[in-house]
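Here's a solo chain for you in structure tokens, the form predicted alone.
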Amino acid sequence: MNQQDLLQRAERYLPGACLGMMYLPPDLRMVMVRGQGSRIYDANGKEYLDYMLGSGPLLLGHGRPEVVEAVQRQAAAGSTFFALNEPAVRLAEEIVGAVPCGEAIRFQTTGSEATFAALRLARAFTGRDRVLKFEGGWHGGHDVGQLSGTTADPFVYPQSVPDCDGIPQGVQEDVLTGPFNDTATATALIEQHHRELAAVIIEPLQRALKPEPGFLEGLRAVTQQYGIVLVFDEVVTGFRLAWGGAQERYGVVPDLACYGKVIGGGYPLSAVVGKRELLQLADPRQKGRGRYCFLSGTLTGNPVASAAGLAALGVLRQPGVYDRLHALGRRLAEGLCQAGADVGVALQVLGDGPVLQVFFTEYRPLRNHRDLLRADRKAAVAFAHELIRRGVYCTPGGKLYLSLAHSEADLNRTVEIAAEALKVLRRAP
């Protein structure tokens, strides 16, 4: 079936002719059919350098032989059991051993499920209902996750604002929102509401914003003081910034951490990892005997996904992997900044290691979501569209993910294409 026919069918049956939240203009739509290393190919045979990487799971690149072999072997042995299986047990041991806060783990299937589960555990453990999150933080597709993540207009903290329709008013009232990288304001909000707060949830690298020195440490101190569960959403940063994730890189250990993307090696798998006293509430033997928190699912701990995750982590624990990933990130960030300077387009590249994002703004400190709102988002989206048009696949206005499969030649070519795209932006009215 050719690409045009597939696109027509997608337009007929799929809202927005897409599978989720990423809408592309009609002239840029494609149907992907194959990936290998740092590249993907559409149904017309067009090649793209891939900085989407499935929205982050493919840290090793497409078709990594170790992962392919593990998946084929497990698929032949059984695709799912709804029971304990060897790959899940081995992966649980590997993750708990790597994660600084790790004492126990409960697998889930998606990142949204992991953050949802962590907050449910926190509520069950503390007996409190409310949650504090940070403006601009993204925690998935559930009701709490869809509050104050993409707000465009300032509001008074700690009010939470829905990012989409269908969010119950009661959920909004139970979620407080504070500013990222503002220790004083966050601490004051926590102190004011500590009797009601079950959890504080945060992306330690919020989208592409690094935490300033003392910010995560301040959250750790005040949540410990009041017995509030500190949750790190490491769905993006887990096993990407370091073997021990953002906890290792930034030196702050939460009570619970949410994982996804990398741990499944490109297959659907996520997890909540953390203190045993919290995870123990998910033990089904607790039901009717004390506090119990239901966390389960049809594909929880799926053996194929677990086998893929084990293979991926086996590659990531090899010497020099994280040095290379961070070197790739630095090289691309420097190249994009230089391209902007050469063309005369003001931009900044934020992020850490192999996850970056381009913001079109004159140089000034970008510390939180409201700072980012002053950047030109329309230019960022237009820039990404020009990249896609020239064979660099990425999220319009979003992050660039790098993989071990990206080479120096890939980065050089990407910077050349970025310079071409920036020239188009400069000429635009």
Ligand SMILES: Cc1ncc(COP(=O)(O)O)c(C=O)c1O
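Since we're looking at a predicted model, the values are computed, not measured. When you see a residue number, it is the position in the sequence shown, counting from 1.
Omitted from view is the form predicted in complex with this ligand, to which the following refers.
- Scanning Thr300, Gln357, Asn85, Thr110 against this ligand in the predicted complex with a 4.5 Å heavy atom cut-off leaves one residue, Thr110.
- Just one of Val236, Ala186, Ala122, Leu91 comes within 4.5 Å of this ligand in the predicted complex, counting any heavy atom, and that one is Val236.
- For the candidate spot formed by Gly329, Arg331 and Asp410, no residue has a non-hydrogen atom within 4.5 angstroms of this ligand in the predicted complex.
- Partner contacts here mean any heavy atom within 4.5 Å of this ligand in the predicted complex, and among 227-235, 98-106, 177-185, 302-310 they occur only in 227-235.
- Among residues of the shown chain, Gly136 is not one whose heavy atoms approach this ligand to within 4.5 Å in the predicted complex.
- This ligand is not drawn, but in the predicted complex it has no heavy atom within 4.5 Å of Gly335.
- Although the partner is absent from this view, Gly140 contacts this ligand in the predicted complex, with a non-hydrogen atom inside 4.5 angstroms.
- Contact annotation for Arg249: none of its heavy atoms lies within 4.5 Å of this ligand in the predicted complex.
- Contacts to this ligand in the predicted complex (heavy atom within 4.5 Å) from stretch 185-210: Glu203, Arg207.
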